[in-house]
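Coming up is one lone chain in structure tokens, specifically the form predicted on its own.
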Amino acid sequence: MRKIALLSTLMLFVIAFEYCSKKDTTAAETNTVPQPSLPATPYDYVRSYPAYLQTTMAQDDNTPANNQLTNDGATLGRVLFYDKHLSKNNTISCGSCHKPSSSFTDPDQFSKGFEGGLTARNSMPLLNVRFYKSGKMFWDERSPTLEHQVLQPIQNHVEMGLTISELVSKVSALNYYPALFQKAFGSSTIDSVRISKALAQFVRSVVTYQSKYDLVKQGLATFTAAEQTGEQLFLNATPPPPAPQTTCAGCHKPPFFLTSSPAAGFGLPDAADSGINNTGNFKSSSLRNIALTAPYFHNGTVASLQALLSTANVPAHRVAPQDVQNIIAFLQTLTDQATVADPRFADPF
């Protein structure tokens, strides 16, 4: 009897030890989930911009009335943007393919997805998408709004690999989100509509306005002779015939250097990709920070600004040889290092 009692006690001890070990392990695993590091007072995402930008900002802003930018909304969007839990195996975030160090694009021709597969197109820069007036997103403009677009990579079978229900479940299971949703939306309810709104707010907050070009337009700096000549060519020169006689500014309207109604469609022959509504045309992105966003075009086939301005594949982008260096000098004035290095847009994890 004593042996039986001793064995029973020993078994109970072993069971209790295993239970406590499992409990401790679970707690330890929970504690290893990275937590976002955020300031006690949210960053200021609702900023005032230089006066010379105001007219264009008012005319071209695609922000919907039901998703106005707020500091708490953009803060939540920032966390979601960099959170790798938004992918199937916790390895990829939106920021994996839209890196701040590369002006929110990818220096690789194609981006790697959650299982190592490659995207079909080059990662498009996210700078100033708030001022693409039509609001249509992706190279082929298949998404009607930014709110629609931000959920598509999450559901893509190559990029992040989740269903919408899986997305909501994963975000709901993370302990740092209820408070962030509460601040952003007035309640801790988590759903796909709120996720899309927060992500869109963060993306719209990425506005470049601190380049040399901006300083010149405010009377705080002056162009070099080459830069000034390059600006005039950009605004007034047309490519050599038989290319469409459209200026650079016709498709890349200052001051944000983009337009959703270009005077001539951007076409790049590609047997594997027919672009917008199978027309062979593709969306024109902002030229802000273009010196930092190579490779260029939807398929990442052009590696440098020099090649961009002389490529035979896109006649509308060809520039007279004697003008190339001056236009490049001007385009380099559009580089805004301050914005892409701003902690408001950095990975919080």
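When you see a residue number, it is the position in the sequence shown, counting from 1. Everything numeric in this text was worked out from a predicted model, so none of it was measured.
Not pictured, yet referred to below: the form predicted in complex with a small molecule.
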Notebook entry, point to check: Going by a heavy atom distance of 4.5 Å, is S172 a contact of the small molecule in the model of the complex?
Noted result: no
Notebook entry, point to check: in the model of the complex, does C97 have a heavy atom within 4.5 Å of the small molecule?
Noted result: yes
Check: Any chance G113 has a heavy atom within 4.5 Å of the small molecule in the model of the complex?
Finding: yes
Notebook entry, point to check: F297 near the small molecule in the model of the complex, any heavy atom under 4.5 Å?
Noted result: yes
Check: Quick one: of S93, N71, S205, S211, which gets a non-hydrogen atom within 4.5 angstroms of the small molecule in the model of the complex?
Finding: S93
Note to self: Exactly one residue in F234, F256, F185, Y177 has a non-hydrogen atom within 4.5 Å of the small molecule in the model of the complex; which is it?
What the structure shows: F234
